[in-house]
Ligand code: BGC
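Before any questions on binding or motion, here is one chain by itself as structure tokens, the form predicted on its own.
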Amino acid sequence: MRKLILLFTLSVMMFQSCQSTKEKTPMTVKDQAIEKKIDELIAQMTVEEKVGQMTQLTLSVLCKDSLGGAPQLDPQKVEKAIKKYQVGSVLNVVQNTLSRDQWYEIIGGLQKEASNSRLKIPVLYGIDAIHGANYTVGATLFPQELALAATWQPAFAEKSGAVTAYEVRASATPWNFSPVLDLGRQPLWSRFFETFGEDPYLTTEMGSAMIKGYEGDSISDPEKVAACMKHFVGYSFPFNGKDRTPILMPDRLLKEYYLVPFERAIKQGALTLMINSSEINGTPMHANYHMLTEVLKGELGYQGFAVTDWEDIVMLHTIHKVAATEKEAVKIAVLAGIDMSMVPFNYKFSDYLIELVNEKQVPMERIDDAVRRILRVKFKLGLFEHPFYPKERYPKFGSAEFAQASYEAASEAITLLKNSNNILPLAADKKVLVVGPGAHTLNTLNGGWTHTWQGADTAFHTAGKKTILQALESKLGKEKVVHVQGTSIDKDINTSKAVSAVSGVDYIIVCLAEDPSVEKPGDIQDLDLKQAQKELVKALAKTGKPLVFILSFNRPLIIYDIEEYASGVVMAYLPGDEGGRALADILYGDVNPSGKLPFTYPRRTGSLYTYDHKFSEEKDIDYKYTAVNSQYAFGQGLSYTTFKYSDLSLSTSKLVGEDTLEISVKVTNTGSRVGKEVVQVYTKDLYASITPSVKRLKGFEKVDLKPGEEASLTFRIAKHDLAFVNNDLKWITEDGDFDVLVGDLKASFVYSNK
């Protein structure tokens, strides 16, 4: 009984906290009108209708048994969901990508049924359009988030978001489960490629830009969608590297690093958010009242709704073992602050929650708060007036214009990591051998979330998109390109044939790759590249022909024991459908590479560091050797030209209070080719009460320079840019000495609060 009283008290506190926060937020006239409509609608709703809005089912529950064919709605199942259970949201595909006609038929059927319900509340349909409208036939597929981060240009994230929004809305869908705002600081994690890398500042800038692309100035725009921030919060840092496993993280670290991208997105106005499937420090996030209610809806003033991930409320009972029954799991999650349950296969959530409300174990105030948040998104999307727009409204779907945008993003993402003796760009009049498991497949250019969940089914690829091999053949002519696969991802196929084929070729391009995967199926035991691919490299190296590696990985796989054999190393990431074209143009110099690593590439599988590590990680006190010895550094990336930094200057040597420090620097293209350089600005706090990092990224800008051209850049930082979270979980800026680091230059200043 004491536990029930406590939970009821917490739920009332939550409701009051959220209401007080909302009252402090100024509303536009349009928003006030929406809130009035929500009030009127909630006043008419039964308990069943309210709980229905909080329920989300997967599409297969509503379809006929298709035996592998195209999914078709089952009228009786749809009527049960919409009329009996008042289900407010549906998600997903059944198996694979669908045509626009199929999407319109399915979503149109659901919205028609909803329009015939008592209150005519439209269904909110959601989809995982992770790197383009990847579940619609013929859609434009962009580089995955990690590759977009490698461009160090938020404009590409915004463009990717805008095109994706257009094509998702052109598929009758108004809600996209993207972007991932998790930090990529655990490279073992299977969803590493879905992040914008390891740095909170870069992630925040790229994530904010992508949300701008998705949502524009208003999500009611027929070319925009509601974004969904994922995954609140800390999901990407599992202690053992496996997906959906425990996270051990101090609250201070959580606030200083992992919350930062979400804070910006919430201030920006994003109104849907998906919850971390795992647990942090022993508390499943779906049961975490402090984070979901006190922090998210209280401190951060979040006005949108929180949706679970797949089946995660049930897992409070079946996996996490914090609820003795499924019904108790529902109570814990809803009282913690969950607004919508991705159930997704049955109606148990609805049944249990209705019982809990009727038994007064969950107060109506909590239900009304959740429903208000969900209806707010539906009204802001304009679904009551336009559940979807005509297909003809979207003439640019799958257009050459959109494909070009994807190509440009891939071209600026791909990162040159090694170029011994300037082997790259390659000479176009020479013959080349192309080998490796990534040479002739789109799977390893796109990765997971591509036409199917795992992205491994080749049957659904978009016609006309070129693999690396096809792009090279198109560029050079087939007579100059020899292809032997050599190995699959993990097994020898014809390595001896590949070795025999080197006769008469001038270069060997080795396309190293990792199978596409995502979530639990992508869990791995270590970061080592598969032995079969290493043996292929070693065999080819013995021929004496120069090797160029192309790395198409979901995460950084260890190559230290074969990297010495490569004259050139190119990080492709997962560059999307246009990645083959972009790689060919970079290899042969039609595009000058300008990508920079958004993560630290480890040298050994058990030696993992981030660029913003601590001073104690720099040196071993007893043996005096450098402990941090990564394969490639965060922010690293070569060009076919050279750049020189000069004239680093600060506007003052003493920054006081809320004043702003201006940082000026000049960058000159000292080479013979047009090129782009990412100017990166770091600060170093020399001494602090919490051990400082060796440096932290505080600004960046990509500049395009002709040979001999010089650019003068100015960056600004202030007190909040020097702050950190102390042990009282407060952001503070301490008096002290700081360095500014740009390129190979350094300047110093002193900060004083007074």
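Throughout, we count residues from 1 along the sequence that is shown. On a predicted model such as this, the values are computed, not experimentally measured, just so you know.
The protein also exists as the form predicted together with the named molecule; that form is not presented, and the subsequent description refers to it.
Check: Out of the stretches listed (331-339, 224-232, 581-589, 100-108), which one is close to the named molecule in the predicted bound form, meaning heavy atoms within 4.5 Å?
Finding: Within 4.5 Å of the partner lies stretch 224-232.
Check: So, in the predicted bound form, is Phe599 in contact with the named molecule at a 4.5 angstroms heavy atom limit?
Finding: Phe599: no contact with the named molecule in the predicted bound form.
Next item on the list: Although the named molecule is absent from this view, report whether Phe553 comes within 4.5 Å of it in the predicted bound form, heavy atoms only.
Entry: Outside the cut-off, so no.
Check: With the partner left out of view, is Arg191 within 4.5 angstroms of the named molecule in the predicted bound form by any non-hydrogen atom?
Finding: It does: once the named molecule is placed as it appears in the predicted bound form, Arg191 has a heavy atom within 4.5 Å of it.
Check: Quick one: is Val481 in contact with the named molecule in the predicted bound form, heavy atoms, 4.5 Å cut-off?
Finding: Residue-level check for Val481: no, no contact with the named molecule.
Notebook entry, point to check: Exactly one of Leu476, Val432, Leu91, Leu655 has a non-hydrogen atom within 4.5 Å of the named molecule in the predicted bound form; which residue is it?
Noted result: Here the answer is residue option Leu91.
Checklist line | The unique member of Asp309, Glu408, Glu294, Glu326 whose heavy atoms fall within 4.5 Å of the named molecule in the predicted bound form | finding: By the 4.5 Å criterion, the partner-contacting residue is Asp309.
Notebook entry, point to check: Candidate spot Tyr85, Tyr125 and Lys378, all three in 4.5 Å heavy atom range of the named molecule in the predicted bound form?
Noted result: Heavy-atom distance to the named molecule in the predicted bound form: none of the three under 4.5 Å.
Margin query: Using a 4.5 Å cut-off on any heavy atom, which residues of 502-517 would contact the named molecule in the predicted bound form?
Written below: The stretch 502-517, when checked against the named molecule in the predicted bound form, contributes no residue at the 4.5 Å heavy-atom cut-off.
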